[in-house]
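To begin, one chain is listed below as C-alpha coordinates, in the form predicted alone.
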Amino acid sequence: MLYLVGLGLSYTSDITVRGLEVVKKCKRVYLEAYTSILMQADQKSLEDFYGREVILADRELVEGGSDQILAGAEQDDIAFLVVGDPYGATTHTDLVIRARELGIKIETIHNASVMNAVGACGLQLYQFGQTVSLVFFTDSWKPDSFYDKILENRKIGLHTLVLLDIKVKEQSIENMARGRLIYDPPRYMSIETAARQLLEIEESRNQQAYTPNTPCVGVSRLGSPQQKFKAATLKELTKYESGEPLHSLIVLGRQVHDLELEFLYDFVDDKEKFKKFVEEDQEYFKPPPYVPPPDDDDDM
(Lines give C-alpha, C1' and ligand atoms only; values in the text may rest on other atoms or scores of the structure.)
Protein backbone atom coordinates (compact mmCIF):
# COMPACT_ATOMS: atom_id res chain seq x y z
CA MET A 1 0.00 0.00 0.00
CA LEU A 2 1.11 3.54 -0.75
CA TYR A 3 -0.11 5.95 1.92
CA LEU A 4 -0.29 9.66 1.13
CA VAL A 5 -0.22 11.40 4.51
CA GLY A 6 -0.94 15.09 5.06
CA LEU A 7 1.12 16.71 7.80
CA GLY A 8 -0.78 19.95 8.33
CA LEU A 9 0.86 23.35 8.32
CA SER A 10 3.26 23.83 11.20
CA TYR A 11 3.98 21.42 14.06
CA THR A 12 5.22 17.83 14.12
CA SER A 13 2.05 17.04 16.09
CA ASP A 14 -0.25 18.46 13.39
CA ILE A 15 -0.30 15.01 11.80
CA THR A 16 -3.60 13.19 12.45
CA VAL A 17 -3.73 10.25 14.86
CA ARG A 18 -4.47 7.88 11.95
CA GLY A 19 -1.61 9.38 9.97
CA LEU A 20 0.81 8.83 12.84
CA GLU A 21 -0.33 5.21 13.20
CA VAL A 22 0.36 4.66 9.51
CA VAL A 23 3.82 6.27 9.64
CA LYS A 24 4.85 4.05 12.55
CA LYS A 25 3.94 0.85 10.69
CA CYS A 26 5.35 1.62 7.23
CA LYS A 27 8.54 0.03 5.95
CA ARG A 28 9.78 3.29 4.39
CA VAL A 29 8.72 6.87 5.06
CA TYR A 30 9.39 9.67 2.55
CA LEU A 31 8.99 13.39 3.23
CA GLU A 32 8.25 15.54 0.18
CA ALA A 33 10.64 18.42 0.72
CA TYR A 34 10.25 20.99 -2.04
CA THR A 35 6.68 22.29 -2.44
CA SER A 36 6.42 23.49 1.17
CA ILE A 37 7.93 23.25 4.65
CA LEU A 38 6.63 22.62 8.16
CA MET A 39 7.35 25.95 9.82
CA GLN A 40 7.85 24.57 13.35
CA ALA A 41 9.62 21.33 12.43
CA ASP A 42 12.48 19.78 10.47
CA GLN A 43 13.59 16.31 9.43
CA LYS A 44 15.20 15.51 12.80
CA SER A 45 12.24 16.65 14.89
CA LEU A 46 9.94 14.56 12.71
CA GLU A 47 12.16 11.50 13.11
CA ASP A 48 12.22 12.01 16.88
CA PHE A 49 8.44 12.35 16.98
CA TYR A 50 7.78 9.35 14.72
CA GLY A 51 10.55 7.24 16.25
CA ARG A 52 11.89 6.23 12.86
CA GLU A 53 13.90 7.32 9.82
CA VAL A 54 12.41 9.83 7.40
CA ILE A 55 13.82 9.94 3.85
CA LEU A 56 13.84 13.38 2.22
CA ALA A 57 12.26 13.32 -1.24
CA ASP A 58 13.42 16.27 -3.32
CA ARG A 59 12.01 17.34 -6.68
CA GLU A 60 14.39 15.10 -8.63
CA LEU A 61 13.36 12.02 -6.68
CA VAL A 62 9.61 12.69 -6.77
CA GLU A 63 9.39 13.73 -10.41
CA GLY A 64 12.07 11.49 -11.85
CA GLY A 65 12.45 8.63 -9.40
CA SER A 66 8.89 7.63 -8.54
CA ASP A 67 9.75 4.00 -9.19
CA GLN A 68 12.29 4.18 -6.36
CA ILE A 69 9.63 5.50 -3.98
CA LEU A 70 7.12 2.87 -5.09
CA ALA A 71 9.58 -0.05 -5.09
CA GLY A 72 8.09 -2.93 -3.11
CA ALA A 73 4.81 -1.15 -2.39
CA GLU A 74 2.91 -4.15 -3.79
CA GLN A 75 3.96 -6.11 -0.69
CA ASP A 76 5.02 -3.46 1.84
CA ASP A 77 3.49 -0.29 3.24
CA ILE A 78 5.17 2.92 2.04
CA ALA A 79 4.32 6.38 3.39
CA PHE A 80 4.69 9.58 1.41
CA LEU A 81 4.39 12.61 3.70
CA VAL A 82 3.23 15.96 2.35
CA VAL A 83 3.10 19.31 4.16
CA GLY A 84 -0.51 20.47 4.19
CA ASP A 85 -2.79 18.10 2.30
CA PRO A 86 -1.50 15.42 -0.10
CA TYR A 87 -3.38 16.84 -3.08
CA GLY A 88 -2.16 20.40 -2.72
CA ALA A 89 0.30 19.94 -5.61
CA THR A 90 -0.10 18.24 -8.98
CA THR A 91 3.21 16.40 -8.48
CA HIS A 92 1.51 14.14 -5.99
CA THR A 93 -1.26 13.37 -8.46
CA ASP A 94 1.43 12.14 -10.84
CA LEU A 95 2.72 9.79 -8.15
CA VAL A 96 -0.75 8.38 -7.62
CA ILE A 97 -1.22 7.79 -11.35
CA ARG A 98 2.12 5.95 -11.52
CA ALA A 99 1.14 3.80 -8.52
CA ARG A 100 -2.15 2.88 -10.20
CA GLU A 101 -0.31 1.87 -13.36
CA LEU A 102 1.79 -0.49 -11.25
CA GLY A 103 -1.27 -1.96 -9.56
CA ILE A 104 -0.36 -0.52 -6.15
CA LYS A 105 -3.16 0.19 -3.70
CA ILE A 106 -3.42 3.78 -2.44
CA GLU A 107 -4.88 5.34 0.67
CA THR A 108 -4.98 9.06 1.46
CA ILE A 109 -5.00 10.61 4.92
CA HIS A 110 -6.00 14.25 4.58
CA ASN A 111 -5.03 17.25 6.70
CA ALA A 112 -5.32 21.03 6.84
CA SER A 113 -3.72 23.04 4.04
CA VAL A 114 -3.42 26.66 3.00
CA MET A 115 -6.42 26.08 0.74
CA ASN A 116 -8.81 25.86 3.70
CA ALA A 117 -6.86 27.38 6.59
CA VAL A 118 -6.69 30.71 4.72
CA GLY A 119 -10.29 31.24 5.82
CA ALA A 120 -8.79 32.36 9.15
CA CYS A 121 -8.27 35.81 7.60
CA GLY A 122 -12.04 36.28 7.57
CA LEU A 123 -12.70 35.91 3.85
CA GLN A 124 -15.32 33.29 3.11
CA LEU A 125 -13.90 30.20 1.39
CA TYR A 126 -16.77 29.84 -1.05
CA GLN A 127 -16.02 33.36 -2.29
CA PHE A 128 -12.61 32.29 -3.65
CA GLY A 129 -12.05 31.62 -7.33
CA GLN A 130 -9.09 30.01 -9.07
CA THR A 131 -5.90 29.71 -7.02
CA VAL A 132 -2.73 30.87 -8.79
CA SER A 133 1.01 30.45 -8.21
CA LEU A 134 3.55 33.25 -8.53
CA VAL A 135 7.18 32.38 -9.27
CA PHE A 136 10.30 34.45 -8.76
CA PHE A 137 10.94 36.66 -11.79
CA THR A 138 14.33 36.87 -13.45
CA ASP A 139 15.65 39.48 -15.88
CA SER A 140 14.68 37.27 -18.81
CA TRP A 141 11.73 35.26 -17.46
CA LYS A 142 8.56 36.87 -16.13
CA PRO A 143 5.68 34.45 -16.71
CA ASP A 144 2.27 36.09 -16.47
CA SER A 145 -0.22 33.26 -16.99
CA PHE A 146 -1.54 33.92 -13.48
CA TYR A 147 -2.80 37.33 -14.61
CA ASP A 148 -5.64 35.97 -16.76
CA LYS A 149 -6.94 33.85 -13.89
CA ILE A 150 -6.96 36.80 -11.50
CA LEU A 151 -8.80 38.80 -14.17
CA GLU A 152 -11.40 36.05 -14.56
CA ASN A 153 -11.89 35.82 -10.80
CA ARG A 154 -12.24 39.56 -10.43
CA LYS A 155 -14.80 39.81 -13.24
CA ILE A 156 -17.15 37.52 -11.34
CA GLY A 157 -16.36 39.07 -7.97
CA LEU A 158 -14.24 36.29 -6.43
CA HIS A 159 -11.10 36.50 -4.29
CA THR A 160 -7.82 35.04 -5.58
CA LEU A 161 -5.40 33.11 -3.40
CA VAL A 162 -1.86 33.65 -4.71
CA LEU A 163 0.64 30.98 -3.61
CA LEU A 164 4.16 32.37 -3.47
CA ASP A 165 7.24 30.64 -4.84
CA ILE A 166 9.70 28.70 -2.74
CA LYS A 167 12.98 27.39 -4.10
CA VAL A 168 14.59 24.49 -2.29
CA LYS A 169 17.60 22.62 -3.65
CA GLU A 170 17.74 24.70 -6.83
CA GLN A 171 20.80 25.06 -9.06
CA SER A 172 22.07 28.22 -10.71
CA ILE A 173 22.14 28.23 -14.52
CA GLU A 174 25.95 28.20 -14.43
CA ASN A 175 26.17 25.20 -12.10
CA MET A 176 23.52 23.39 -14.10
CA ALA A 177 25.37 24.05 -17.37
CA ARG A 178 28.65 22.84 -15.90
CA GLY A 179 27.05 19.75 -14.38
CA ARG A 180 28.03 20.76 -10.85
CA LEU A 181 25.81 19.44 -8.07
CA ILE A 182 25.96 22.72 -6.16
CA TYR A 183 22.66 24.09 -4.89
CA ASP A 184 21.63 27.63 -4.04
CA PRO A 185 20.39 28.46 -0.53
CA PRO A 186 16.62 28.10 -0.08
CA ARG A 187 14.55 31.13 -1.09
CA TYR A 188 11.01 31.99 -0.06
CA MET A 189 9.03 34.74 -1.77
CA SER A 190 7.86 37.54 0.52
CA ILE A 191 4.56 39.38 0.33
CA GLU A 192 6.31 42.59 -0.71
CA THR A 193 8.12 40.86 -3.59
CA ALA A 194 4.85 39.32 -4.74
CA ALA A 195 3.09 42.70 -4.67
CA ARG A 196 5.85 44.30 -6.74
CA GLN A 197 5.74 41.51 -9.32
CA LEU A 198 1.95 41.70 -9.62
CA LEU A 199 2.12 45.43 -10.26
CA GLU A 200 4.90 44.95 -12.79
CA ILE A 201 2.71 42.60 -14.82
CA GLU A 202 -0.31 44.91 -14.53
CA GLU A 203 1.80 47.73 -15.91
CA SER A 204 2.74 45.64 -18.95
CA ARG A 205 -0.68 44.02 -19.53
CA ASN A 206 -2.70 47.14 -18.66
CA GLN A 207 -6.09 45.36 -18.50
CA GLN A 208 -6.79 46.51 -14.94
CA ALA A 209 -7.20 43.03 -13.53
CA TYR A 210 -6.17 44.93 -10.42
CA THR A 211 -4.65 48.34 -9.67
CA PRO A 212 -2.16 49.71 -7.13
CA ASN A 213 -5.21 50.53 -4.96
CA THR A 214 -6.78 47.08 -5.11
CA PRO A 215 -7.35 45.78 -1.55
CA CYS A 216 -5.39 42.66 -0.67
CA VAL A 217 -4.51 40.52 2.33
CA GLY A 218 -0.98 39.41 3.11
CA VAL A 219 -0.85 36.06 4.92
CA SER A 220 2.24 35.18 6.95
CA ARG A 221 3.10 31.84 8.59
CA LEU A 222 -0.43 30.49 8.40
CA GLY A 223 -1.12 27.89 11.07
CA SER A 224 1.94 28.76 13.16
CA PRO A 225 2.21 30.68 16.46
CA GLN A 226 3.45 33.67 14.40
CA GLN A 227 0.42 33.66 12.09
CA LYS A 228 -0.28 37.18 10.88
CA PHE A 229 -2.57 38.94 8.41
CA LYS A 230 -2.18 42.38 6.84
CA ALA A 231 -5.03 44.01 4.92
CA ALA A 232 -3.85 46.85 2.68
CA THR A 233 -3.70 47.95 -0.93
CA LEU A 234 -1.37 46.20 -3.33
CA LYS A 235 0.85 49.27 -3.49
CA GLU A 236 1.04 49.49 0.31
CA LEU A 237 2.07 45.84 0.50
CA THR A 238 5.13 46.52 -1.67
CA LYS A 239 6.59 48.24 1.40
CA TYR A 240 5.33 45.72 3.95
CA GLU A 241 7.86 43.80 6.04
CA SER A 242 6.34 40.34 6.06
CA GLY A 243 9.04 38.63 8.13
CA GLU A 244 9.90 34.94 8.19
CA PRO A 245 8.28 32.61 5.62
CA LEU A 246 5.98 31.06 4.58
CA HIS A 247 3.75 33.67 2.90
CA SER A 248 0.81 33.95 0.56
CA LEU A 249 -1.31 36.80 -0.80
CA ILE A 250 -5.01 37.30 -1.44
CA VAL A 251 -6.34 39.70 -4.07
CA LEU A 252 -9.84 40.66 -2.98
CA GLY A 253 -12.70 40.13 -5.38
CA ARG A 254 -15.05 42.87 -6.49
CA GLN A 255 -17.77 41.65 -4.13
CA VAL A 256 -16.79 41.84 -0.45
CA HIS A 257 -19.43 40.82 2.10
CA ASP A 258 -20.01 43.14 5.05
CA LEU A 259 -18.97 40.39 7.48
CA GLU A 260 -15.75 39.85 5.55
CA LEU A 261 -14.97 43.54 5.67
CA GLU A 262 -15.71 43.75 9.39
CA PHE A 263 -13.33 40.84 10.03
CA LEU A 264 -10.57 42.43 7.95
CA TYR A 265 -10.71 45.70 9.89
CA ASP A 266 -8.66 44.00 12.63
CA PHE A 267 -5.73 43.77 10.18
CA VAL A 268 -5.70 47.31 8.75
CA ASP A 269 -3.87 50.49 9.73
CA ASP A 270 -6.75 52.82 8.89
CA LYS A 271 -10.27 51.41 8.87
CA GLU A 272 -11.93 54.26 6.96
CA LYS A 273 -9.17 54.44 4.37
CA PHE A 274 -9.33 50.69 3.72
CA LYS A 275 -13.13 50.80 3.47
CA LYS A 276 -12.84 53.59 0.91
CA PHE A 277 -10.48 51.51 -1.25
CA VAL A 278 -12.83 48.52 -1.04
CA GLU A 279 -15.81 50.61 -2.12
CA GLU A 280 -13.87 52.17 -5.00
CA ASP A 281 -12.58 48.78 -6.09
CA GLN A 282 -16.10 47.38 -6.27
CA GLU A 283 -16.75 49.65 -9.24
CA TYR A 284 -14.31 47.66 -11.36
CA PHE A 285 -16.05 44.98 -13.47
CA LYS A 286 -19.37 46.06 -11.98
CA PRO A 287 -22.10 44.52 -14.15
CA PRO A 288 -24.29 46.97 -16.06
CA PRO A 289 -27.72 47.71 -14.56
CA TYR A 290 -30.50 45.35 -15.55
CA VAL A 291 -32.64 46.60 -18.41
CA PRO A 292 -35.92 44.69 -18.80
CA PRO A 293 -36.80 43.53 -22.26
CA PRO A 294 -39.34 45.68 -24.13
CA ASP A 295 -42.95 44.86 -23.43
CA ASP A 296 -44.68 43.64 -26.57
CA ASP A 297 -47.81 45.53 -25.51
CA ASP A 298 -45.91 48.81 -25.89
CA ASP A 299 -45.63 48.18 -29.63
CA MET A 300 -49.36 47.88 -30.09
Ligand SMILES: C[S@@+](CC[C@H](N)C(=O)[O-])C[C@H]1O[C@@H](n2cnc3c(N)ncnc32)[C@H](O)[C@@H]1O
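Predicted model only: the values in this text are computed from it and were never measured. Throughout, we count residues from 1 along the sequence that is shown.
The same protein has a further form, the form predicted in complex with this ligand, not shown here; the description that follows concerns it.
> Which of these residues, 194, 109, 163, 217, gets a heavy atom within 4.5 Å of this ligand in the model of the complex?
Among 194, 109, 163, 217, a heavy atom within 4.5 Å of this ligand in the model of the complex occurs only for 163.
> In the model of the complex, which of the listed residues (145, 204, 90, 75) lies with a heavy atom within 4.5 Å of this ligand?
So the residue touching this ligand in the model of the complex, by this definition, is 90.
> Taking the partner as it appears in the model of the complex, which of 268-276, 31-39, 50-58, 66-74 has residues with heavy atoms within 4.5 Å of this ligand?
In short, 31-39.
> Could you confirm whether residue 83 comes within 4.5 Å of this ligand in the model of the complex, counting heavy atoms only?
Because a heavy atom of residue 83 falls inside 4.5 Å of this ligand in the model of the complex, the answer is yes.
> Is there a heavy atom of residue 23 no more than 4.5 Å from a heavy atom of this ligand in the model of the complex?
Contact with this ligand, no.
> Please run the contact check for residue 153 against this ligand in the model of the complex: heavy atoms, 4.5 angstroms, yes or no?
Residue 153: no, not in contact with this ligand in the model of the complex.
> Contact with this ligand in the model of the complex for residue 96, defined as at least one heavy atom pair within 4.5 Å: yes or no?
Flag for residue 96 set to no.
> Across 227-250, which residues bring a heavy atom to within 4.5 Å of this ligand in the model of the complex?
In sequence order, 246, 247, 248 come within 4.5 Å of the partner.
> Relative to what's shown here, the Cα pair residue 89 and residue 129 differs by 3 Å or more in the model of the complex. Does it come closer or drift farther?
Result: closer.
> Please check whether, in the model of the complex, the CA atoms of residue 89 and residue 217 lie closer or farther apart than here, given a change of 3 Å or more.
Closer together, which means the C-alphas of residue 89 and residue 217 are at least 3 Å nearer in the model of the complex.
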